[in-house]
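There is one chain below, alone, in C-alpha cells, taken in the form predicted alone.
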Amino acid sequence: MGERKEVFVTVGTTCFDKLVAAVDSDPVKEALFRRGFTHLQIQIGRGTYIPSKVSGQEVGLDVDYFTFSTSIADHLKAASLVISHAGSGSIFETLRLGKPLIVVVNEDLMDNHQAELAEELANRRHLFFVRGPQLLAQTIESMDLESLVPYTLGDPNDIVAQIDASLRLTSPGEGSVKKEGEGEGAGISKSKAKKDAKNAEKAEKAAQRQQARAATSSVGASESDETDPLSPNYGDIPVEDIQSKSITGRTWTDVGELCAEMKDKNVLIRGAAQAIRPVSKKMAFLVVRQSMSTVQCVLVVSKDVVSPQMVRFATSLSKESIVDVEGVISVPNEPIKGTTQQVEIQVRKLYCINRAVPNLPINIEDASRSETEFKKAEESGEQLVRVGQDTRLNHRVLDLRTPANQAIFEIQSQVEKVFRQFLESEGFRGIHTPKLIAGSSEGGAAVFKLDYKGQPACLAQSPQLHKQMTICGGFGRVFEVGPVFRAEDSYTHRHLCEFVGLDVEMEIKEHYFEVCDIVDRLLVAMFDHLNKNCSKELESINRQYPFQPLKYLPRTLRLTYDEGIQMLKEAGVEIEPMGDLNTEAEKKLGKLVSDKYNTDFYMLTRYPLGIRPFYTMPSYDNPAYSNSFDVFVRGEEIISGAQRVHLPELLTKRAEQCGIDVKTISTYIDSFRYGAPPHGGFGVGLERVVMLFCGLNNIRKSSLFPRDPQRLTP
C-alpha cells in the first residue's frame, strides 16, 4: 500500500461556497490525484453548498465531507497540503507547522483584508496565492512543492500582479478564442495579447520589488513597528509585565458599567475579544466581553491617535484573546446590535494580555444559539453548527463563557446566598461534616467504596448521620452546603454522581410540619429573590433556553401522599400500592396540581415508611406510613425530608431491616443513647434547584463540571 498523502480543505468558521465547490469538482480532484495525493478532507462550513456525492472514493481519491470539526489541528498535522480561503484562522497554524498551503483569495477581499494578510505572511515559505477558485486545478498541477518561492508584499495596489508573479500564472482573458485546427497557443486576440504583455510587465516589476524587499527581510516584520511613533500604544504585553511587576494605580471599569452618562470619559477595560471585524485598512471593530456584558470598540486611523499598524494589530487578534482597551466613551445615534452596552469606546490604546489559539474547539457564537435560531435557519435552508452536550462538557471552559451559562451560575450563586442568609436569620448555624465515612449514610449499595489506610470506607451519600449528631451535640439548628456522592448508575437528565447538597437539620418541638414550614418560607423567599434581583440573568437564560416563569403560591400547597395517589388514579394512572412515584407519575401529578391549584411548587406529606430511609420516624397512628415529605417543582422531586428516629433501639431495628451493617454506624446510633431531642430535616441538590427554577432540560447544564456515570473530566 502506498504512502498516505492527505489534502485538508478548511473554510474556517465562515462560508466560502465557491472554494468548496471548486475543490469538490472533478478537475481539482483529478489534479490532486495526478500529484500523488490519496485522501481529501473537505470542511463544508456553514454555507449553503451541498456535496454532489457522499463521502467515499471519487476520481481515485478517498473523499470525506464534514460541516465542522473540533480537531482542526489534527487535520492540519496529518495533511500533506492545505487549501484554505483567506479568512480562515487555519492559515497561521498551517504555516507554523511548515505545511504547503494554498490560499484562495476572494475577489471582494483584494482591496483591504487580503493586502493585510499578504503583508502579515510576507517571506513565509510553502505559500501560494490563487486569485479565485477558478485557477485552483492549474495551481495544483504547476506548484513546486520542493523549492517554493517566498511571497513578499510589494505595493498594495499591485497585489493582484504580485500574486500572479508568485505563482508564475496569469488569469485567462475574456477575449481568447481558439479557432478550429489551431493549437493551444493560437487564436489569441490583439486585445488579449496587449493585456498579457501588460500583465507580464507588471509581474516583472513586482518580482523586482520582491527581490529588493527579500534583501531586507530580516528586519521586514519589525520595521513597521519601529517606524510607527504610536507603537507604544498597542501590542502584545511581555510576560514579565504581567508577573505582578508593579502596581500602577490605574482605574479599571467593568464593561457592564459602561453607559451613556459616561460620554467623553476616558475608560480602561479588560475582557475577551469576542469578535473582530476589519472594515478597511483604516478602520476596524472589536467587541470585548466581560462576563455577560459586551461593548463595541472602534479603531479609526487618525493622526497622532491611531495608526494603520494599530488597526492591523487589532485585526490580527484571535477570538477569545484577553485584551486591555483604553479609550473614550462615545454614544452612537443608532442602537448597537449585538452588544449589551449601548455605547462605544473610541480606542486609544490596545494591548493583548494573552492570545487564544486561532482555532477554538468550539465557537462561542455557536454555543450560544437557541433552538429558535436553529428552527429559523432550518426553515430558510441555512446550515448552523450545533454544539452538542458532550462537546460542550469536553470544552467546558469555553462553554461557560456563553451568556446563558454565565447567568445560570450567577443564579446558582444567588440560590446558595439566599439559602445561607435565610437560615442564619432563622437561628441556624453553618457546619461542615466529613465526607469520608465508615459506612453507608443512606442505605443501599449506591456508595463509592474506598480503602482508608487499610480500613473499608466510602464517600458520604449525604451529611445525614453527622448533622443529626450535631443536634445531639446541642446545636439546635444546623445547615450545610457541601458535596454529596451517589454511585448510582442513573443515566437520566436529573441525576449526578456528585452534586452540591443543601442540607438542614433542626429540633422539633411538637410536629414535623415545623420542618415543612421552614421549607415553605425558605423556597418562597428564594424564588422571590431570584425574580426580583436576577431579571437580567433570567432573560439571558430564557433567550437560549426558553422557559415559563415558575408558578408558586405565597404559602406552599400541601397534599398527603394518598391525596396525590388519588388524583393520579382519577386521571387513569396506575400506581403500585404504597410504592414510590416514578418519573412519569411525578410529571403527571405535577400537571394535575398545576391545572387544579395554579402552582408548579407543592409538597406531598405522609409517605409510606417502606420507601423511606432507615432513619425516618414512623407515623403515630399507622406504622405503614412515616412522618416524611417530598417537595416538587415543575413535576419533579426537588426536596426530601422527614422527622428522624432519635430512639437508639428503634434506629437499630430500622437499620437492620434496611440491610445496613449496624457495626459500621455504631457511633451514630450511640449518639442517641446520651439524650437526643426530637428532630427532623431535609436535603436538596443545588443543581436541581437551579435546573427546575430555570426550566432547564438537563441537570448537567446547572452543574459547573458535572460528574455522572460516564464523566470524570474535565
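These numbers were taken from a predicted model, which means no experiment stands behind them. Just count from 1 along the sequence shown to find any residue number.
Keep in mind the form predicted together with a further copy of the same chain is missing from the figure; the text below concerns it.
- Only one segment in the set 576-584, 375-383, 304-312, 247-255 has residues whose heavy atoms sit within 4.5 Å of a further copy of the same chain in the predicted bound form; it is 247-255.
- Remark: residue 672 counts among the residues lining a further copy of the same chain in the predicted bound form, judged by a heavy atom distance of 4.5 Å or less.
- Contact check for residue 540: no non-hydrogen atom falls within 4.5 Å of a further copy of the same chain in the predicted bound form.
- Under a 4.5 angstroms non-hydrogen atom cutoff, a further copy of the same chain in the predicted bound form lacks residue 235 among its neighbouring residues.
- A residue is said to contact a partner when one of its heavy atoms sits within 4.5 Å of a partner heavy atom; residue 662 fails this definition for a further copy of the same chain in the predicted bound form, lying far away.
- Between the options 366, 528, 424, 228, the residue in contact with a further copy of the same chain in the predicted bound form by a heavy atom within 4.5 angstroms is 424.
- For the candidate set 604, 415, 360, 286, a heavy atom within 4.5 Å of a further copy of the same chain in the predicted bound form is found for exactly one residue, namely 360.
- The partner is not shown here, but in the predicted bound form the stretch 455-490 reaches within 4.5 angstroms of a further copy of the same chain through a heavy atom at 455, 456, 457, 459, 466, 469, 470, 472, 473, 474, 475, 481, 483, 485, 487, 488, 489.
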